[in-house]
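One chain comes next, on its own, written out as structure tokens in the form predicted on its own.
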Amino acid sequence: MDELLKILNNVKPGVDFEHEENIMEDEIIDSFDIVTLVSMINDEFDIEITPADLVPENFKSAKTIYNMIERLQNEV
């Protein structure tokens, strides 16, 4: 989770991602941020986030993003 929080803070500095619950709905990150985020996550965690994974439920919070990362790592 620490690596994910570092990535999130690189994309959008100054946000308390550990406690934010609706980062997309509250417009903390936007679609351009998602593109950057996905690229960085793919590289850092050696996974492939596909278009099917690009749903709001997977990007609500750091926890939901991390859950998606773990699921994709376990699918390999």
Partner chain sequence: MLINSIQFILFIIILLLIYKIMPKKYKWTVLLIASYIFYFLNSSKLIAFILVSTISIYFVAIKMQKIDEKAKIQAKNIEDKEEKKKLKNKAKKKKKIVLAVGIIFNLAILVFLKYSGFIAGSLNTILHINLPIFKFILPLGISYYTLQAISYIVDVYRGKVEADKNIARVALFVAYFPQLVQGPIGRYDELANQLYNPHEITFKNLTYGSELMLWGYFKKMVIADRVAMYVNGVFADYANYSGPIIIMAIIGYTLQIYAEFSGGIDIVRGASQMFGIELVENFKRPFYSKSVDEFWRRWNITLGTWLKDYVFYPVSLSKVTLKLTNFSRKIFKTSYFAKIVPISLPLLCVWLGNGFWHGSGLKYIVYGLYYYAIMMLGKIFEPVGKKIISLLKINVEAWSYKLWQMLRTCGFVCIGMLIFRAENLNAAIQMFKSIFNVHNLERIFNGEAFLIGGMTIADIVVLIIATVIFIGISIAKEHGKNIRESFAKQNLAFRWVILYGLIFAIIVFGAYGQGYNPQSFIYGQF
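Positions refer to the first chain, counted from 1. Computed from a predicted structure; not experimentally measured.
Although it is not shown, the form predicted together with its partner chain is what the next lines describe.
Does the trio D33, N42 and A52 actually contact its partner chain in the model of the complex, every residue with a heavy atom within 4.5 Å?
All of them do, each having a heavy atom within 4.5 Å of the partner.
Check I23 for me: does it contact its partner chain in the model of the complex (non-hydrogen atoms, 4.5 angstroms)?
Flag for I23 set to no.
Applying a 4.5 Å heavy atom distance criterion, does I65 contact its partner chain in the model of the complex?
Judged by the heavy-atom cut-off of 4.5 Å, I65 is well away from its partner chain in the model of the complex.
Closest heavy atom of D2 to its partner chain in the model of the complex, within 4.5 Å or not?
Close contact is absent here: in the model of the complex, D2 is far from its partner chain, nothing within 4.5 Å, heavy atoms only.
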